[in-house]
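To begin, one chain is listed below as structure tokens, in the form predicted alone.
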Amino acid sequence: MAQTILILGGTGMLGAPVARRLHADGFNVRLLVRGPAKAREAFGETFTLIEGDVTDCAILDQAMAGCDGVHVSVGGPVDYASAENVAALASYRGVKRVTYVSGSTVHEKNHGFPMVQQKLMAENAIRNCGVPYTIFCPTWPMEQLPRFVRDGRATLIGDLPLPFHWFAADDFAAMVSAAYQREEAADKRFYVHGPQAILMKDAMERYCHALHPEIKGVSVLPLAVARTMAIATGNDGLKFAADLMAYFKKAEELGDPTEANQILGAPTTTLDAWIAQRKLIPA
């Protein structure tokens, strides 16, 4: 009988590929979503959709009923709350595995950054829930690159001096699926690195050259300028982006992906291969 996996954050950048990969690998996939109509349009009729919010414990309890696993891929302000709620219900609901998406810079030495503190607390809740877990600590997904292109311009906030091992979301999805199929993945914290270390600006230039040839260069908005603009305009989104990039300017990519690669299979998609795949997607 196929296992049933509940995904929180299943419509997101990393959550959606996981949902599709689990389904392709024979799992029954259940999604807790706030907008079922939009999710149904994206996923079709083969996924079970439950309308609700991860902070509503009563709805989450219903969604977890009969599930063999729960994958938490939420992020943002409710990251810790979602993990804490799953942890509180997992043993009671007979869940056999909880998987959680953390990050490659999540470490006590970086706990002063709010996002890191939230993920550290989430990891701790999941470790202590009494159910086997797998925690993923991925670096930057290639799917982030299109988000830096807006209104015909490619703009980065701050010039990040540290390279990152960019990975493709589909490769990550395959690793999550493997974790549900391999006992040796239980009670592990895995670092997820792609096959190549590339500076963010270099990655953006390669992406734009291939997919946005009308953009002649990648602009870099200095952090101080971005923060000044955010304050002057009351743009909370810009302020968050500036704070995030200021963090990544100092926080290096951590961890050794060897164990993850050996147990779950290494991400193999290079940036150039990912770009070539994007070229085949209809506009």
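Numbers follow the displayed sequence, beginning with 1. Computed from a prediction, not measured in an experiment: that's the story for all the values here.
There is another form of this protein, the form predicted in complex with a small molecule, and it is not shown here; the text below is about that form.
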Checked 154, 179, 98, 74 for heavy atoms within 4.5 Å of the small molecule in the predicted complex; positive is 74
Quick one: of 110, 144, 196, 124, which gets a non-hydrogen atom within 4.5 angstroms of the small molecule in the predicted complex? 144
Would residue 216 show up as a contact with the small molecule in the predicted complex if we use heavy atoms at 4.5 Å? no
I'd like to check something about residue 139: if you look in the predicted complex, is any of its heavy atoms closer than or equal to 4.5 Å to a heavy atom of the small molecule? yes
Residue 14: heavy atom within 4.5 Å of the small molecule in the predicted complex? yes
Using 4.5 Å between non-hydrogen atoms, is residue 53 touching the small molecule in the predicted complex? yes
Here the chain appears without its partner; judged in the predicted complex, the stretch of 205 to 213, 181 to 189, 131 to 139, 90 to 98 with heavy atoms within 4.5 Å of the small molecule is 131 to 139
